[in-house]
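Shown here is one chain on its own, the form predicted on its own, set out as structure tokens.
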Amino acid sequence: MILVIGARSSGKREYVKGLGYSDGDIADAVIDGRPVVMNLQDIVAADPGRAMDLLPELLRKDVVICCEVGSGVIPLERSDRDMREATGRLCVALAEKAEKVVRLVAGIPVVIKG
């Protein structure tokens, strides 16, 4: 599994398409039979308390794409802070098991693992 992280609109989808995946291969904020999951943070936001339950299914994917949510201003709303915490912990677990971790910065891929 390849974990791709980066800020919103940093080029994550285009990077993954450059790996040979098409728009039809990319599931946006849903875990289904497609090989790529995008917007993991939105999936976690639906139920942050169960984020780690997603780990086994995500590890079976070819690519998992997630926006970085741990930077910037800390949200005032508790639910937003819980989502950020859960997303961060899930990404740590994914990165630990991933074959490769890529961070996109201004459209430039930086391989941080693999």
Partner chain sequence: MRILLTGGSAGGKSTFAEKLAVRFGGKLWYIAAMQPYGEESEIRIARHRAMRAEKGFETIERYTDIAGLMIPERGTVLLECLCNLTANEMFDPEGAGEDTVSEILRGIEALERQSTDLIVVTNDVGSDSGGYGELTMRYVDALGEINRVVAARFDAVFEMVCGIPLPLKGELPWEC
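These numbers come from a predicted model, not from an experiment. Numbering follows the first chain given and starts at 1.
Omitted here: the form predicted in complex with its partner chain. The next part is about that form.
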*Option from 23-31, 73-81, 54-62, 36-44 whose residues, in the model of the complex, bring a heavy atom within 4.5 Å of its partner chain*: 73-81
*According to a 4.5 angstroms non-hydrogen atom cut-off, is residue 95 in contact with its partner chain in the model of the complex?*
yes
*residue 103 near its partner chain in the model of the complex, any heavy atom under 4.5 Å?*
yes
*Is residue 91 close to its partner chain in the model of the complex, meaning a heavy atom pair under 4.5 Å apart or at it?*
yes
*Heavy atom to heavy atom, is residue 108 within 4.5 Å of its partner chain in the model of the complex?*
no
